[in-house]
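One chain is shown next in structure tokens, namely the form predicted on its own.
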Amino acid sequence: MTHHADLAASELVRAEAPLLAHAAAQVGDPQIRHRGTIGGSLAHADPAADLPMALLALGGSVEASGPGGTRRIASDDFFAGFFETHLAPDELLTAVRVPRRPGAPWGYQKFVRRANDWAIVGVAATGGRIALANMGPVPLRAGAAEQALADGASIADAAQLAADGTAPGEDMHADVEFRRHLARVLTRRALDQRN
């Protein structure tokens, strides 16, 4: 039930998980940020949305509650398909858990046609994790780029692998190759820009 605007303005979130606060500030326009919630965005599971990508980059999790009790689902396992999650039909998303990362470097890039549009491609990076928006039916990790960085590759070389293993769609905004190009460029920018 936490509104995007509350996340973006929270001193606690800014201090402990600044990537999440920044991502919340990028959602839609002021009306959407004041009415929409992080739980709603995650449960909606739009692969082009800001907050699912941010949660994935942060390595967060959600709590699902239903008649059988409460269970925790890691962000890596939460998204099932295009606008689908692993919430059971009788469960509600009741909590979002994000690791505290005060002072950890992070980067965030999003390519859009207009300021309040969905991402044509988005990238969030922190703590050795790189998440991509709109590069498949769910928010994805750029596993090859993450592994390259872990193995000591340069940012430029790792970013060239960002689109590996993705399955971006094609629409009136971008074709598959342009999205792959954007994933590589935005990953490099996100890694170069880490705050």
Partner chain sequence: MMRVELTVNGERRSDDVEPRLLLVHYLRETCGLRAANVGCDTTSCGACTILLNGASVKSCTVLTVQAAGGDVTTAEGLTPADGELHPVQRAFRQEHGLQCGFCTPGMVMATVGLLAENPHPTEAQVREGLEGNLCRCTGYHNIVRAVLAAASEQVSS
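Residue numbers count along the first chain shown, from 1. Note that the structure is a prediction, hence the values are computed from the model and not measured.
Separately, the form predicted in complex with its partner chain exists; it is not shown, and the next lines address it.
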message: Even though the partner isn't displayed, in the predicted bound form is Ala95 close enough to its partner chain, meaning a heavy atom within 4.5 Å?
response: no
- request: Please check if Ala115 has a heavy atom lying within 4.5 Å of any heavy atom of its partner chain in the predicted bound form.
  value: yes
message: Since only the chain is shown here, I'm wondering whether Asp29 would be in contact with its partner chain in the predicted bound form (any heavy atom pair within 4.5 Å).
response: yes
- prompt: Looking at the partner-bound form in the predicted bound form, is His44 within 4.5 Å of its partner chain by any heavy atom?
  reply: no
Proximity to its partner chain in the predicted bound form (heavy atom, within 4.5 Å), stretch among 160-168, 57-65, 30-38, 133-141: 30-38
